[in-house]
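Heads up, the chain shows up twice below as structure tokens, two forms, tagged structure 1 and structure 2.
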Structure 1
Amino acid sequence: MTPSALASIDIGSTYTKGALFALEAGAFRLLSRAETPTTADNLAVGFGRVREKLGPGGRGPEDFPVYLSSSARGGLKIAALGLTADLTLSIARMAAYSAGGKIVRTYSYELAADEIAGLEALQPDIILFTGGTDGGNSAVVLRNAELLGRSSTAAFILYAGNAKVRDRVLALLDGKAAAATDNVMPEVGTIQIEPAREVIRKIFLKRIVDGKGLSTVVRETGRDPWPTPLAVFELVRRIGASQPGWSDFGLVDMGGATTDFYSHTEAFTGGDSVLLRGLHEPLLKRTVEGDLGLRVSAAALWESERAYLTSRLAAAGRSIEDFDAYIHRVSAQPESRPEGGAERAYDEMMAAACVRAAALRHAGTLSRVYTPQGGFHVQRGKDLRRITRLIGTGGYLSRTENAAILLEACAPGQADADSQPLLPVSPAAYADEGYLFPLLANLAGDYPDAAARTAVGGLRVLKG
């Protein structure tokens, strides 16, 4: 039996947000919305407040089912360990990101003593340990297993490397919280991240439920929470698979601390005289940039995108000193909102810088190779040129009126004849009106098509 109303609540690190929907004709209709500051000491309190506002008196699953997600506790911190940077480490990153995780550090080759010490101090939630094809390298892998086994790290160690030495690796990790799954790269260039992704998802879930007060919420709602980024990943997959005209699209989720870029498009389509080198990336890809954000990461953004921001400031005739002061203020007070024209202009430039850099890092490149018979091209990474639609979500992008910010994903003004980033060319731009994506994403598990339809149906078109 389909319930008449469903609630979706997302417990974020600053706000707990919710919406009540009615399911009608294969799509969700928004009935009410509510928001309250997250109660970090006991998440159940904020959750209860939102639920009460959504449907007064609604206490249990018998009134309306509640779907929930949580990104509280800062997400899942993953340290990725691979053998070579361009092969297993690169695939380990893909696996971590597509499971909704956040990569805090990466390592390749044999772990050095200072790297082990760093890892112990870092305290990630998971160490994703890869390296070697099946039947390939075992010397470095076993050595790293030995080093991790002897270390004091309390992280969960997930081994997804050379399957031929799996038992020996697990034996060396005896006494640690550890598990093994299929190799992320069984053969050179073959990407197999689903099994690792699934294990990470389960660990993520368990960790979220262990969060303060969440077990109470789970008991009351009778439902496990989704990690927010993973829920959004699945919603993007559903949109791409089920919505007509949406097979090639991108989503930029920009917040105060990070900018996430999702692309749903075939990574390599070949064509005459184009050769793919390196890994063939997946149809659905997520990257997370921890130094691109409007508030908590404002100082990091100013540092990594200084050249771009400086030229934007100069073009707008604004002073670097004032901008610098603004950056300092918003990093110290992440909840601050812009006041006045100058501050709004600063936020806009920062948002544009985040979108641009996130897109450039997500995309592959095409470079021209000269041969006596003329030119042909080598592609590395993912081709985003077929993307026809681009959505902005997150507090800032869901409210913007300005298509130009999102269209920075096309990195206008970038010119290099020999190496070109494979960015979207001229996509239509949309805003996730009402910031509904995370809430609809919670419903995508049980109602995939309705959630996808509602998500695209509710978008606001941004005019260029």
Structure 2
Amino acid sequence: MTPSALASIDIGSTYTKGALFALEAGAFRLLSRAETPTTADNLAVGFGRVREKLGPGGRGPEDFPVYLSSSARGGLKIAALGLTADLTLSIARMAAYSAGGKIVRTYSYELAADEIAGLEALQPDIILFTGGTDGGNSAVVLRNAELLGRSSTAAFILYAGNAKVRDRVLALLDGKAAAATDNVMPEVGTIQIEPAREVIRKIFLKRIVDGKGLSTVVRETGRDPWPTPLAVFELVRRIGASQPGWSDFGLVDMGGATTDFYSHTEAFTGGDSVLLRGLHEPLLKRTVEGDLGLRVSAAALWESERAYLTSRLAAAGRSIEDFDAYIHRVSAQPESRPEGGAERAYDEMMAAACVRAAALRHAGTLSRVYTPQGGFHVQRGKDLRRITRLIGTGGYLSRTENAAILLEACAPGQADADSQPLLPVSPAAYADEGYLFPLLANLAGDYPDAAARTAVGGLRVLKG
């Protein structure tokens, strides 16, 4: 029997937000909405405040089911180790990103002494250890297992490499928090990331539920939280699979700390004169950029996108010194809001920089190669040119009225006659009205079609 109402609550790093929905005629109707600053020391306090605000009688799971997600720890920090950058390491990235994790460092081939030291200092939550097809290279894999086993890292080590040496790898990791799952690339050209994704999700649950009061929330609701990016990933998958006209679209989720880019479109369409170099990327792909954000990562954004932002400031006649001062203020006070026209203009420039950089890093490239037999093109990465619709979500992009900010995803990088980024060309732009995507995403597991239909139906078309 379908309940009369369902609650969905997302515990973010800055705000805890929730909504109460009724399921009617195959879609969700919003009944109430609430948010409060996340209570970082005890996540259950903010969660309880939001649930209280959602409606009378909403004091326990017996009143209505409560679905939840969390990114309050900023997402799992994952270090990926693979044999080669073009193959197993690329697949390890796919597994980590699609599971809702954040790649903080990548390593390939045999680990050097300085890389081991860097890994120990980095303190990731997980080391995703891959390498070799089943029955393929084992020498480098075993050497890396030996080095990790002797290291002082406290990270959970998930081995998803050459299955023929799995037992020997685990023996070398004896004494570490470690587990093994199926090889992410059992044979060349075969990608198998689902088993690794599921283990990463379970590690997320254990690590986040054990701290900061979330175990109380789990006991009260009777449900485990989803990693917010993983929930959104599954909602994007469902929209692309079930909603007419949405087979080729992108989603930009921009926050104070990171910018996530999701694309649902065929990665490679080929052609007589186009060759694919590296992996054939998946239909659904997520990347996350930890240096692209409007508040917590503002200083990192200013450093990585300085050329772009400087040009925008010059075109607007704005002072670099004033902008620099604003960057320092919002970095120190992530909860701050812009005051006055100049600061609103600065936020707009920063948002455009985040969107542009995230799209460029997510997209593949098409390069012209010349040989004695003539010229041809080589594609690396994913082709986004078939994308016809682009959605902006997150606090800022959900509120914007300006399509130009979101359409920076179509802006090319530096001009190069022989190489071009494979960016969207001229998609329609939409805003996630009411910032409902993460809340609907929590419901997509049990009500996939209703969540997808509601998410698309609630979009606002952006003009300009």
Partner chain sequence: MNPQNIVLGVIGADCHSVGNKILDAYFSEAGFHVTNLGVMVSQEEFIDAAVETDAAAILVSSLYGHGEIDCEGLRAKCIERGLDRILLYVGGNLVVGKTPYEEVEKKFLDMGFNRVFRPQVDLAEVVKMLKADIAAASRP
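We call the rigid core the largest set of C-alpha positions that still match within 1.5 Å between the two forms. Along the sequence of structure 1, residues get numbers from 1 upward. Note that the coordinates shown come from a computational prediction; the quantities given were computed from them, not determined experimentally.
J.: Just one of these is the form predicted in complex with its partner chain; is it 1 or 2?
T.: The form predicted in complex with its partner chain is the one given as structure 1; the other form is structure 2.
J.: After a core superposition, would you say E303 shifts its C-alpha by at least 2 Å between structure 1 and structure 2?
T.: After core superposition, the C-alpha of E303 moves less than 2 Å between structure 1 and structure 2.
J.: When the rigid core is used for the superposition, does V188 move between structure 1 and structure 2 (threshold: C-alpha shift of 2 Å or more)?
T.: The answer is yes, as the C-alpha of V188 shifts between structure 1 and structure 2 by 2 Å or more after core alignment.
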